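The form predicted on its own is given below as one chain in structure tokens.
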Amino acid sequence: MAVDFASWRRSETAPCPSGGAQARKQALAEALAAGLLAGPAVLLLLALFLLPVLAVFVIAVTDWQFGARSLSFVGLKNFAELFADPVFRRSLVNTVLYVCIVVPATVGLGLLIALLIESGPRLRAFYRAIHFLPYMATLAAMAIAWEALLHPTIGIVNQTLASLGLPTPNWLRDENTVLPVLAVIGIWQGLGFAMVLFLAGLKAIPVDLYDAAEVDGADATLDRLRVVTLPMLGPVMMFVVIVTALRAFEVFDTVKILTQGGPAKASEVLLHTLYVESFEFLRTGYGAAVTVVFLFIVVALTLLQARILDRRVHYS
């Protein structure tokens, strides 16, 4: 009896119908399980972020006012009015100036304090705690405390300056001083966060690198800082810069409590303009246009910072 070996091999290598169905059922079950596990997170992402952002973009091209039952499509009219508005232009400039002051000072001082704490043999936990407390403080209470300190007549700051024979300006009512004072408060509040992150980064640097640098002749403090510490802190530095910049762009609480954007719009910032237009003047469409511009600026600067800093970061 002849055996058809070709037919036998084809029958052996052909996929089993029941096996293929079983594999499809298993893949479908895995996909269903993955969907069930990811579903709550996706729904929360849609409800809390994506849909509100989409709603803001839609409202920005309408004339809707908060509480109104009807609205009309106006296209880019809100944006044209926005860029022609001197108050918006002033708030944009003030926000950029605030960020340019707060970010470098917070990052630089945070790194300096972290290096000083790490180099000191005693009371490290105490110094970490006292520098981190401002970050944990309630912004409203913090702003009220600063208002008392900066009071033109009974504040500790002006009383100290008066005792030294120095001028005693009205810090929060002077156009020349109000924005720098708000920036100082922002630096004071964000300093602890930057310090803690830099301390964590310093702890992660291997001691062997410092020993190797010393063998190569980099035994001075500045040489060790330049050759080992700063390159190894690159990822932490990038994260601190981006987060600090985002928090600086979102400044609102201190402005609302201390100055309300005054005097003469000298402390007006983007989020305060957004609040006033949307919830005081009830111009919701115009406020949504401010929000869209704010989002574009923040996202663009974040991506630009990440792109520039990432090229200079050393990942171990």
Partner chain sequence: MTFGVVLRDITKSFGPTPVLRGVSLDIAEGEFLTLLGPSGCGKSTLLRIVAGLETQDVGTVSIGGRPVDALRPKQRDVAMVFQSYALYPHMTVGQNLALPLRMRRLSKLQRLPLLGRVLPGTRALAGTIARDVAQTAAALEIDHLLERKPGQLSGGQRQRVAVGRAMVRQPEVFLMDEPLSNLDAKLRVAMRAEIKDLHRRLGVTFVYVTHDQAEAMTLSDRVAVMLEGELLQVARPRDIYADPEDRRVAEFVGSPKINLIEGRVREAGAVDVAGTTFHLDTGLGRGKAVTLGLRPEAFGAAERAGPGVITGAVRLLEHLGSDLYAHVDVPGQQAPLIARLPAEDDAGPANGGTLHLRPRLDHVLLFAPDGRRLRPAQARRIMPLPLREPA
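Numbering follows the first chain given and starts at 1. Not measured: the values here are computed from a predicted model.
Keep in mind that the form predicted together with its partner chain is not shown, yet the notes after this line are about it.
**Q** From the list Arg89, Arg226, Lys77, Arg173, which entry has a heavy atom within 4.5 Å of its partner chain in the model of the complex?
**A** In short, Arg226.
**Q** So its partner chain isn't shown here. In the model of the complex, which residue out of Ile242, Val96, Met232, Met142 has a non-hydrogen atom within 4.5 Å of it?
**A** Residue within 4.5 Å of the partner: Met232.
**Q** Given the stretches 69-77, 205-213, 177-185, 157-165, which is the single one in contact with its partner chain in the model of the complex, using a heavy atom cutoff of 4.5 Å?
**A** One stretch meets the cut-off, namely 205-213.
**Q** Decide whether Asp85 counts as a contact residue for its partner chain in the model of the complex under a heavy atom distance cut-off of 4.5 Å.
**A** Answer no; every heavy atom of Asp85 is more than 4.5 Å from its partner chain in the model of the complex.
**Q** Would Glu118 show up as a contact with its partner chain in the model of the complex if we use heavy atoms at 4.5 Å?
**A** Glu118: no, not in contact with its partner chain in the model of the complex.
**Q** Glu81 versus its partner chain, in the model of the complex: is there a non-hydrogen atom within 4.5 Å?
**A** Judged by the heavy-atom cut-off of 4.5 Å, Glu81 is well away from its partner chain in the model of the complex.
**Q** With the partner left out of view, is Ala218 within 4.5 angstroms of its partner chain in the model of the complex by any non-hydrogen atom?
**A** So Ala218 counts as contacting its partner chain.
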